[in-house]
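Presented as structure tokens, the chain that follows is alone, the form predicted alone.
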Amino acid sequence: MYDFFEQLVKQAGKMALEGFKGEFTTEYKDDVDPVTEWDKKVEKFLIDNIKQKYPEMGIFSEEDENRDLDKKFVAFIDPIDGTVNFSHKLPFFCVSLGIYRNGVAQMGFVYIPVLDEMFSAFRGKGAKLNGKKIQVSKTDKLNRSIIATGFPYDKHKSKENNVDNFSKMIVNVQGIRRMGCAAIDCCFVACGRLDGFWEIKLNPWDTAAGVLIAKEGGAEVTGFNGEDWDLLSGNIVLTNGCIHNKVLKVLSGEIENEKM
């Protein structure tokens, strides 16, 4: 099963990359949330192949409206995470697939086709990048940490837009990166390129694979109050563990502009 999904995600990524190199159409779900023809084509490719191989598996995917959480096994699919990047010809996007059994993550795959990087994890077996074990960074000082975040699509009309959190964090860390792709953010924490990541209003397909990969790489993941992370909650704080409590304190406003 693991090999099948890993190869399937890689094939889907190669397919997305070919589409990215050509001309394509882009539509909008609302004012600012795009979907390209390749989101739909890659998603159909993934769903068709999964259903052919595992017909009883539930599908919970970004563009498909028939979302199913009731099956024993559920595949969480983001055919192109980073569609805004993709639609603007910014070469930073990925294909993400998480396999859950009875609500618990079992396998995760995130493939970045432009970099030809396959991040993968099997529950309890560690995380890998192109077949080699990876682990989180050991940075324990917040002012020497690189943190990633993102902003929700409704940031222009909702006060809950992460701007306040960004303002609190930027003065406490070495730098903040905004990839536009939550699955990649999680994987970059997993391999130590980033020391942490937080975001709000995410969807399950954004994090289903990346969080497992990060956790298997040694990451700590919670909600904003330190509670157990919930795939369906939308909010996440994910770090190398060494800076986790400090990140939570900054987000809560307990710490302001202090070297840590």
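Only a predicted model underlies this, so the values are computations on that prediction, with no experimental measurement involved. In this text, residue numbers run from 1 along the sequence as written.
The discussion below concerns the form predicted in complex with D-MYO-inositol-1-phosphate (IPD), not included here.
Report the stretch among 127 to 135, 147 to 155, 166 to 174, 110 to 118 that approaches D-MYO-inositol-1-phosphate (IPD) in the predicted complex to within 4.5 Å, counting heavy atoms only.
Looking at the other structure, the answer is 147 to 155.
Consider the chain as shown here, without its partner, and state which of E216, E220, E199, E43 has a heavy atom within 4.5 Å of D-MYO-inositol-1-phosphate (IPD) in the predicted complex.
None of the other options qualify; the answer is E199.
Using a 4.5 Å cut on heavy atoms, which of H88, R178, R101, K159 is close to D-MYO-inositol-1-phosphate (IPD) in the predicted complex?
The residue in contact is R178.
Heavy atoms within 4.5 Å of D-MYO-inositol-1-phosphate (IPD) in the predicted complex: does I80 have any?
Result yes; I80 sits at the interface with D-MYO-inositol-1-phosphate (IPD) in the predicted complex.
My question is simply whether D195 lines the interface with D-MYO-inositol-1-phosphate (IPD) in the predicted complex - judged by any non-hydrogen atom within 4.5 Å.
Contact check for D195: no, nothing within 4.5 Å of D-MYO-inositol-1-phosphate (IPD) in the predicted complex.
I'd like to know whether A182 contacts D-MYO-inositol-1-phosphate (IPD) in the predicted complex, with contact meaning heavy atoms within 4.5 angstroms.
Looking in the predicted complex, residue contacts with D-MYO-inositol-1-phosphate (IPD) include A182, since a heavy atom lies within 4.5 Å.
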